[in-house]
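A single chain, nothing else alongside it, follows as structure tokens in the form predicted on its own.
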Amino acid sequence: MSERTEIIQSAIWASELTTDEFERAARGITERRFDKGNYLFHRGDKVDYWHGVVTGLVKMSSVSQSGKAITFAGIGAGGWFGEGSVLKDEWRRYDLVAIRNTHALLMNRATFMWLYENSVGFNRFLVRQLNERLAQFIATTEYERLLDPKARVARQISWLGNPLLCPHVGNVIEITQDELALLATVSRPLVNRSLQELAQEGLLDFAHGAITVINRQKLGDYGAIEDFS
């Protein structure tokens, strides 16, 4: 078995496919590498690919005409994204930039649509993925408007270790404090202080370039408002 086939087989959706479906999928996938700071695509681009991260870290974000920036999500190893734009055959509504050197898989739209129209297993995966992504974006709206910086950091860490959206990341997240600051849209000193406090609370450990998640559930719920009355 080739290294390329092994990489594709490790994709979270691959186990849902039959042998014939997997072979069809593999033929429609190419590999690309993006250096830190390079864009995978820009907002407004027409990109006919579904993207997956093999290694690295990318940021899904947008900048308004007035210059205000918003980060929608960080996507780590094993994460796939852009299925909505592929399904609707539309231009991308966000920028996607590598914030560290990134190895990516690109599935062309023809292959994606064939799986969508023919594979029950692939559709089961898409439903789970879209549902989880919706929950992530609802949470993002909440923390942009309501949460303090420490809660933003906590929740961003939780999403980076999400077993469906970033399945190959696991409990040890390789990320620098500068990278985490970009994703959580807070300053690096605030990230450092937040990590220290979250570690004191027993939710994580951290060292240079890595965070070990101890309680992802509590990180994901950090700062939640329990009483709306």
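Not measured: the values here are computed from a predicted model. Take the two forms, find the largest set of C-alpha atoms that superpose within 1.5 Å, and that set is the rigid core. Residue indices: 1-based, along the sequence shown.
Omitted from view is the form predicted together with the DNA, to which the following refers.
Novice: Check each of 168, 32, 36, 43 and return the one that places a heavy atom within 4.5 angstroms of the DNA in the predicted bound form.
Specialist: Only one option qualifies, and that one is 36.
Novice: Heavy atoms, 4.5 Å, the DNA in the predicted bound form: which of 55-63, 24-32, 158-166, 191-199 makes the cut? Say which one.
Specialist: Flagged stretch: 191-199.
Novice: Given that the partner is absent here, does residue 48 sit within 4.5 Å of the DNA in the predicted bound form, heavy atoms only?
Specialist: Contact with the DNA, no.
Novice: Could you list the residues in 167-192 that come within 4.5 Å of the DNA in the predicted bound form, counting only heavy atoms and keeping sequence order?
Specialist: 175, 176, 177, 178, 188, 189, 192, in sequence order.
Novice: My question is whether residue 206 is one of the residues whose C-alpha shifts by 2 Å or more between this form and the one not shown, given a fit on the rigid core.
Specialist: Yes, shifts by 2 Å or more.
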